[in-house]
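To begin, one chain is listed below as structure tokens, in the form predicted on its own.
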């Protein structure tokens, strides 16, 4: 049996995927309401294919509880936030989960940490917890790091098809855990050491963050001199060895804007390019806000309450708004002028910010300037509803005449 600890955006799909492919699984989470919802037969967030996967897992006998189980394998998938001042990972949730697992696990159990951590976290925080509890690593307890590699919006597919990395002290234990993930994973599964597994996951997201920053910095350069950034990118990308990404209003989610800071926090004198790239990405919401002010002045719109932000989530067609550029922009705006901007997102059902709408027509009726922050399918299919509005398109999806760009 596998006990999956943490049933959030990563832990729940992992537990469901294992269960639906013949592995006996118990999912554990401290959140009693979350567990009750799952036991009532409902998923806790929206994700393509998740409901069908949930039904298959339930049919296969998956269980949900707030209690840790006595079993030979634990997969820990809990949050790993970072301190915004020190830029270092907060391993508190991982440490707490390991401590709780140690209270019930039998001798020889394998503890797999799926949570993304900075290089060296297993050595600095996890090993001492195990040893302080009186266990001998490699005999009483075996440690593994198997970082997730999926993104909201395509989790189910990527869980099944993406390659994975298994970091273990002992190759035999690595192969044992590889066999568990092989129950559903069709991608390549590489077994390596723990430190390498830690580093590869962080580097993957750092690579993406740096490339996004280049595109964002390019759009600032082009805006400064009145050039068309999209046309420049289109032409440059005709070169066989150039692939510039599309700029945007910022970077959100729990991975790309967070994980690279682990490197900066641990290696501050060696990550100058990475650190500056992250600061470029973090500056984009305020850059968008400045564009809003410029456009308001140009069209003689003096009432900020007539400006509406379309999209609260960090990417299209998901309900995940963690670290979203829209939330960052609203924070910037509150510092300048207080609250005022109106907000609408079809994927976010509950109120999380002031002036939030839940009906597109009502939202559009109450604003004159629409800022497209997220390219949800809804607005792509109903772009004609923007006719007659002033539009600032941060995602380069609007083809209406007179549309303003970043």
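Remember, it's a predicted structure, so these values are computed and weren't measured experimentally. Residue numbers count along the first chain shown, from 1.
Beyond the structure shown, there is the form predicted in complex with a small molecule, which is absent from this document and is the topic of what follows.
Counting only heavy atoms and a 4.5 Å cut-off, does the small molecule in the predicted bound form sit next to every one of 82, 124 and 198? Judged in the predicted bound form, none of 82, 124 and 198 sits within 4.5 Å of the small molecule.
Since the chain is shown here on its own, which stretch among 272-280, 207-215, 124-132, 229-237 would lie within 4.5 Å of the small molecule in the predicted bound form, judged by heavy atoms? Contact-bearing stretch, as computed: 207-215.
Would residue 250 count as touching the small molecule in the predicted bound form under a 4.5 Å heavy atom rule? Contact with the small molecule, yes.
Using a 4.5 Å heavy atom cut-off, state whether residue 152 contacts the small molecule in the predicted bound form. Yes, residue 152 is a contact residue.
Can any non-hydrogen atom of residue 314 be found within 4.5 angstroms of the small molecule in the predicted bound form? Heavy-atom contact with the small molecule at 4.5 Å: present for residue 314.
Does the small molecule get within 4.5 angstroms of any non-hydrogen atom of residue 255 in the predicted bound form? It does: once the small molecule is placed as it appears in the predicted bound form, residue 255 has a heavy atom within 4.5 Å of it.
Among 245, 191, 222, 156, which has any heavy atom within 4.5 Å of the small molecule in the predicted bound form? Of the candidates 245, 191, 222, 156, 245 is the one lying within 4.5 Å of the small molecule in the predicted bound form.
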